[in-house]
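So this first bit is one chain, no partners, the form predicted on its own, shown in structure tokens.
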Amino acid sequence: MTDEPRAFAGDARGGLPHEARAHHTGEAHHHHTHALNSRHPGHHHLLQVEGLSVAFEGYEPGAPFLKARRAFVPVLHDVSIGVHEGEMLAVVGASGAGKSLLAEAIMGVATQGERIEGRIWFDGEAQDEAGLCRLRSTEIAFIPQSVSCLDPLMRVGEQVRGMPRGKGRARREDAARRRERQRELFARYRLGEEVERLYPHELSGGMARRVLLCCALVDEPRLIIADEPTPGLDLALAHAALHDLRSFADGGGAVMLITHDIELALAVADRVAVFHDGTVVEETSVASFASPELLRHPFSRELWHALPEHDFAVTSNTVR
């Protein structure tokens, strides 16, 4: 580690700002190449993660049961990844590879016995745990994997609106703004006014997915992290859900899409980060998946060969 701030170092004062310089289409830097429409307002990425590692407290792997000492077991190691404004980055890899842990680290969420190290910048400013918590649900929104994250005992309209902020008149004004915003979002995503009074169990799978999206958008974030937003949906609904995220990116927002469905990712994303063995092995433009020769890492090429429209050659390391 360097003297620059870690994601959870506790004090980012004196941390270095993210590198600010002009970036160009197709240029390779910060471990990735750009898509055609990558944008860099302020000459930096909206989100940049460098050297992120996550470990859990456990016992020495491989040691005899009665002699094993307590140790931190690494799960993610040296992860570097960046997201630009106005684009969708797809993080693809096998289920259980640790992609969701990456999302939790960026959101500033750590559990007991978890150690997180690395550097995270948002809009060019170095962040520590407190900074990431302040950004959560305002600048950075999260769409969880499961619709079971919706509170089964609360009407969905209330869940989307959330708790108003402030006191007295300011609180009443914020409550009115949130109600107006919720109804605007429901109209945009084809959820009738009557839906706001329904409970989660009364929604179809597609409706519940759209409610989760509305929850993420109500505070008008700049970055959405969507963790497997399409499981349980048929192909048409999955495409619709990703189209909503694509529209958010096209409007100037940024999206990090975490998925194991590389076909859907290639259909909507601008760039792809290939996740393997607890780290990002390649971050490149979707255009690089036009041919395996354009991909530099062997695992990325295996993903290309495993796609049904190619030769569908499956090896022992290929995502299943």
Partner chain sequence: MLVVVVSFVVFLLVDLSPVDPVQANVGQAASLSMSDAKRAQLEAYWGVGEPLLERYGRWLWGLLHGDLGTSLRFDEPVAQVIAERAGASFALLSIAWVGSGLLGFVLGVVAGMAHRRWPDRLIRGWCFAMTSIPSFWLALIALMVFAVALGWFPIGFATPVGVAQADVTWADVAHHLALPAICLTLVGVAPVALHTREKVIEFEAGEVADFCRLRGEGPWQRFWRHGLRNVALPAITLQCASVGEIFGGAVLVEEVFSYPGLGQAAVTAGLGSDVCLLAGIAVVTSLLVFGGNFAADVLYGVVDPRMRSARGAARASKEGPLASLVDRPEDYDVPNASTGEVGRGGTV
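The structure displayed is predicted, hence computed values, not measured ones. Numbering follows the first chain given and starts at 1.
Another form, the form predicted together with the partner chain, is not on view; read the next lines as being about it.
Picking from 200-208, 117-125, 74-82, 179-187 the stretch near the partner chain in the predicted complex, with a 4.5 Å limit on heavy atoms, gives 200-208. This chain is displayed alone, yet in the predicted complex one of E50, D261, D270, E282 has a heavy atom within 4.5 Å of the partner chain; that residue is D261.
Among the residues G98, P221, G131, P144, the one placing a heavy atom within 4.5 Å of the partner chain in the predicted complex is P144. Within this chain, A170 is remote from the site of the partner chain in the predicted complex, having no heavy atom within 4.5 Å. Although the partner is absent here, M154 is a contact residue: one of its heavy atoms lies within 4.5 angstroms of the partner chain in the predicted complex. Contact annotation: W304 falls outside 4.5 Å of the partner chain in the predicted complex, judged by heavy atom distances. Although the partner is absent here, A175 lies well away from the partner chain in the predicted complex, with no heavy atom inside 4.5 Å. Residues R136, S137, F142, P144, S146, S148, C149 are the members of 129-149 with a non-hydrogen atom no more than 4.5 angstroms from the partner chain in the predicted complex.
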